[in-house]
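Take a look at this single chain in structure tokens; it is the form predicted alone.
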Amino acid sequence: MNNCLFPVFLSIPAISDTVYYLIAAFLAIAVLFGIFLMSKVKKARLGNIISAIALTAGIVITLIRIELIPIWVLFICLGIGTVLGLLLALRVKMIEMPQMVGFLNGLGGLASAIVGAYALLGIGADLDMFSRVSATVALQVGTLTFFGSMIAAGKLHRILPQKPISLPKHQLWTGLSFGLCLVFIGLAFVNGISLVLLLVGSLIVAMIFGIVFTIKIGGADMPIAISLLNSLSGVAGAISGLAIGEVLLVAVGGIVGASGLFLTQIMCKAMNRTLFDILLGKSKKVVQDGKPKGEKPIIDEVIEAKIDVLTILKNAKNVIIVPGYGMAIAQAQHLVKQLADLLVKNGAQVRYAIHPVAGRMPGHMNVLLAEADVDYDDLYEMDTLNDDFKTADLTIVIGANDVMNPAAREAEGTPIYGMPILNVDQCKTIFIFNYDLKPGYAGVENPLYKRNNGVYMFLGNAANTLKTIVDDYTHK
């Protein structure tokens, strides 16, 4: 039957080690090139396609070379995976992309854990010490990545509370589970150790560690958690490649791990947090005038705009838009684009200031604005645009808080103190379209809300408040 249905595939010649290594080198370079293009906004889509094709080719070449499964099974599996991927791409909304990324990070970790388990039990007695230790580490890192990513995805999707969750004696559980992970890695160095013991023990302690360290990370720190878990999925893949001697898996896993780690460092710097504190779920107490702040907001009254909003909009020729997670929640990006188009039509220059940790994952705001067909050239990083707020005619904030909170400069002892922010407060006229006046995820009051000169609040769902402004601007 195979000869009738798949005569071409069955005639594929064996791939020598030399040819395989050359192909692996080429594919690894292709992945790197794709990642390089992803750093260029206009070429990010092309970079994503190149990396995806290279990874798919790597899967096919590797499985053909080692003859792990029949060719016809390989292509059926690739077909099923392609269909599932396309369904997810079509059905998952842009606002749900952070939790989707967390979920996919988890699947990457699970795949590495399966490879580690296969190395321990499938290869079994043929394992040397190096491979046995590598397989154990891959199993642990893959397992904690999977369960940690599932917790992160659950928090982002609001299945789980977004606030940090502390168990009784949480630090003890964290330290104990991590210590036991090291113990089982140490046992892997012992010749004659039970491989079943290594597998089951590593699986349990890594699962516990992955859960307890992730549930204590709050929603505000999720951008860093997502970046770290992405890095760990790559590390797990690289180590599992060492366990089974697959050079391409080592190379690609190392690339993903390194790029994720660099991104994690960028996120930590942007939030003025240390990775160690975030992993331990540490947060500073919010203080006001040296005293602990209660949960009730200080601001009790809304500063109402008593001016002609349309006059300000029509006279503004230099406008900066600051998007935040509230824009994503309200799905207001299309209305933001409509307002920007009206301003441009009236002769204004409109630019978007993107904070590195705006949203719930790196690049979240860029993706949402791209969905609304915002020109890539209009998106600016914080460092590029920060000095321009003082000369702008108008700044429009859509659902942002912590990333433009001036308290980050002077409120010592608060979670955001020292965090680089967008200098929105330096603009003479500011429109703020936020749901309410409550603090952001960091829990720090925003003194900008109390400024009674040039700050105008439009409270409520941004999709509604923006629509009112857009409709009035269009018809008057």
Partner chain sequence: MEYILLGVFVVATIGGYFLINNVPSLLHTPLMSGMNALSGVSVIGALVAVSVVLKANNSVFAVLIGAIAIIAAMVNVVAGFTVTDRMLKMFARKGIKHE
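Just so we're on the same page, rigid core means the largest C-alpha set that superposes within 1.5 Å between forms. Residue numbers count along the first chain shown, from 1. Predicted model, so just to flag it, every value in this text is computed and none were measured.
There is another form of the same protein, the form predicted together with the partner chain; it is not shown, and what comes next is about it.
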The partner chain: the contacting residue among Leu448, Ala44, Leu437, Ala411 in the model of the complex [heavy atom, 4.5 Å]: Ala44
The unique member of Ile211, Leu275, Leu110, Ile185 whose heavy atoms fall within 4.5 Å of the partner chain in the model of the complex: Leu110
4.5 Å heavy atom contact with the partner chain in the model of the complex for all of Ile215, Asp402 and Asp471: no
Non-hydrogen atom contact Gly154 with the partner chain in the model of the complex at 4.5 angstroms: no
Contact label in the model of the complex: Asp388 to the partner chain, heavy atom within 4.5 Å: no
Pro164: touches the partner chain in the model of the complex, heavy atom cutoff 4.5 angstroms: no
Contact flag, Val190 vs the partner chain in the model of the complex, heavy atom cut 4.5 Å: no
Answer range among 392 to 400, 203 to 211, 94 to 102, 309 to 317 for contact with the partner chain, defined in the model of the complex as heavy atoms within 4.5 Å: 94 to 102
Residues in 366 to 390 with any heavy atom within 4.5 Å of the partner chain in the model of the complex: Asn366, Val367, Ala370, Glu371, Asp373, Asp375, Tyr376, Asp377, Asp378, Leu379, Glu381
Cα displacement of Val424 between the shown form and the other one reaching 2 Å, rigid core superposed: no
Did Leu27 shift 2 Å or more between the shown form and the other one, C-alpha, core superposed: yes
Large Cα shift (2 Å or above) at Ile50 between the shown form and the other one, core-fitted: yes
